[in-house]
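In structure tokens, the next block holds one chain alone, the form predicted on its own.
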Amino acid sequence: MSSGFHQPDRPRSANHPSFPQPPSSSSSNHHPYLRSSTFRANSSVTSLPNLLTRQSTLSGTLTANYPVDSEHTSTLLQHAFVPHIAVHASDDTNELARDKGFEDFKELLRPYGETVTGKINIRDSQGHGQTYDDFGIRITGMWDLLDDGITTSNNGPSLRPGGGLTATGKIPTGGGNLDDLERLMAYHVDRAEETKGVMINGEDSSGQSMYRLFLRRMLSRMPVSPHETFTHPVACIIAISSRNPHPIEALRKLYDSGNQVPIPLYVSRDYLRYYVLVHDDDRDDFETSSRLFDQMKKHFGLHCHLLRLRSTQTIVSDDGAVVVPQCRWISAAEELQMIKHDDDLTPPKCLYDTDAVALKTLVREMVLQSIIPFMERCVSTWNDQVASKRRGISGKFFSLSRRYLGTSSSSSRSSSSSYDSYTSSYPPHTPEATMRKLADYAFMLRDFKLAHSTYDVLRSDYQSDKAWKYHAASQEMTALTSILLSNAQPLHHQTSSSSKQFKPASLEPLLDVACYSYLSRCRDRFAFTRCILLTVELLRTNANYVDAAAQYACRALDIATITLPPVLTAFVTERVADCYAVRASPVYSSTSLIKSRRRKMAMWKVLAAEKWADMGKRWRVREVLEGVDAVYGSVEWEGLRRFIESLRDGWEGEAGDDGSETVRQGTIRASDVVQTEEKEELGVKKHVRKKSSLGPLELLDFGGSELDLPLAGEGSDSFIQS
């Protein structure tokens, strides 16, 4: 199945300078320019110490033998997909928060939910407990479910007009918008150009830090959508304060009004209710609030909390004042609004240390005693009552009957399927929606084995119902969970038997179908970009899979003209070089030698530098080109060295006779470097061409100066069959 995503190459300008030929050598056995990217060992016993010594010299400043940022990548993914807790507070509670200098009670509580203090114990589907010290939740508003998502009413689905106000009359600050990401990252790049990379407010302006910021903003405030339930509320905090004269009646009204909020119909309202009484220590009597809290526990059960706060506003100079931590998981649109209204003279928000401790205690007790047990019960119930019926022989017969008997006619298909093609969603209580919620809950609880098996079962159901976005999302999560399961053990603890359980080739049919559906059927650029980039980040954490990671990043670049804006395209191009930097030096295992990718890394750095140079970002160009001389410094190719120097000095174009822009005399384009690198490798290596339904033919090299077929377990190259 070919998706037709490959974009034809643009015609080269007639004024484009001719590419300088590399210098030749009279010796037939020695080529000073055509160098092998790795060393060949004559003996695995005698040459290994020499290779270990020589590899550090070759790597220069770009050596990275083992996975880089592996802890950050897994932590980033686990922190991105976390339970969302909605807040529905009374007017008097929001007034108390405004007295303390915050917009409402949600903004007061939000910074303390991103990381729960202390260790959290979570039980998986097998009853085994695992302790985590980095668990977090996301605090959101009840009306954000309407502002950030697709409103699906009885009149059909309707998207919020781009650039307009939300349903509540506010400026949209939700995520899932690549244009907002482009504007934000362009601002940070310009800021780094002005400061020459100097840290400001504790922020690093290096390329790695900027790309991590890009990923975090892409995964923040993801839109509320029907095909995944990560942003659907797991619980709702119903809060009143001691200022309310009729607190019990106010809680009942909040409960009823919360059920009447016009959230999308695909969002289930069977979430946990958690009741909070905010006591004002400066104005109200604590004994009265204690008696009221006892009444709340009698009426609403054990899911209650008494929060003691001072209502006076705190400044930095006050005794016992602490600065409120900044929210790290904010959307690109939200950060752009903060930048627009940023004032250097505005003091930071502060709280009394007793208030900060009280808010942390509220979050921890709610997560530990209510949220986690509630999600565990839901996973256990849904797994026993719904998912177990779809697994095994009976489940396979059911799927076959739906696929072949249910598609005999349109009327029979509509009667056998619960998918509503008019609203493009499943009702929240159908088995398909419940199983998707089960898989998402298991993923958020870090039970990736259960999540993977559930996503895998759902793929065939969504395909038979022609629920294409559900189908694409299940394909995406099946691929991601398979990588997470393979990376569960550290690289140096993996055995040959464990590494054979996962091959990057198994991801290709999953990701091909997911990306094709996202782009061609659903027209969702954001979902496609998230799918590809998360796959790249997870694959590059293992040195065996960096070639596959780079290839998937290249596929995103192949169709960047319709998916990625220019700044994001430059960042992704840089990331391809970062993938190859994981194997800047050969990696030695007990069974094989994993080849170096130093020259591919340098080539993609030159490509990224050219993209930054075209945008006039000189500081980014110089940072990207740092260390390239360690690879190309000894190459007897004057044109390449002039080209790299022209990038460092600043890209200056000259107008030709016909008005077209040409490069300076004596320089070449980075595309010529790529072509010559391929010509060079063709002279000393054998290649295998592999056709993909996502992009163009990929050129894969097996390494070595002769035809070296890969060994089993040698890495991502081992799945290519010649």
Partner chain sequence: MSSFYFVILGTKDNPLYEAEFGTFKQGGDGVSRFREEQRHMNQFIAHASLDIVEEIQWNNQSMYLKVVDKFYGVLVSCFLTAGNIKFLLLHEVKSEDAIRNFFTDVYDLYTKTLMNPFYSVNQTITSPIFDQRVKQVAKKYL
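Residue numbers count along the first chain shown, from 1. As the structure is a prediction and not an experimental result, all values here were calculated from the model.
Same protein, other form: the form predicted together with the partner chain, not shown, and the subject of what follows.
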property	result
Distance check, Arg583 to the partner chain in the predicted complex, heavy atom within 4.5 Å	yes
Residue contact check: Glu508 to the partner chain in the predicted complex, 4.5 Å heavy atom	no
Distance check, Met615 to the partner chain in the predicted complex, heavy atom within 4.5 Å	no
Exercise: Arg599 in contact with the partner chain in the predicted complex, heavy atom 4.5 Å	yes
Site check Cys554, Asp558 and Val635: each within 4.5 Å of the partner chain in the predicted complex by heavy atom	yes
Stretch from 602 to 610, 535 to 543, 264 to 272, 116 to 124 whose residues place a heavy atom within 4.5 Å of the partner chain in the predicted complex	602 to 610
Listed residue (Tyr455, Phe528, Phe214, Phe643) with a non-hydrogen atom within 4.5 angstroms of the partner chain in the predicted complex	Phe643
Residue (of Val631, Val234, Ala97, Leu109) lying close to the partner chain in the predicted complex, criterion heavy atoms within 4.5 Å	Val631
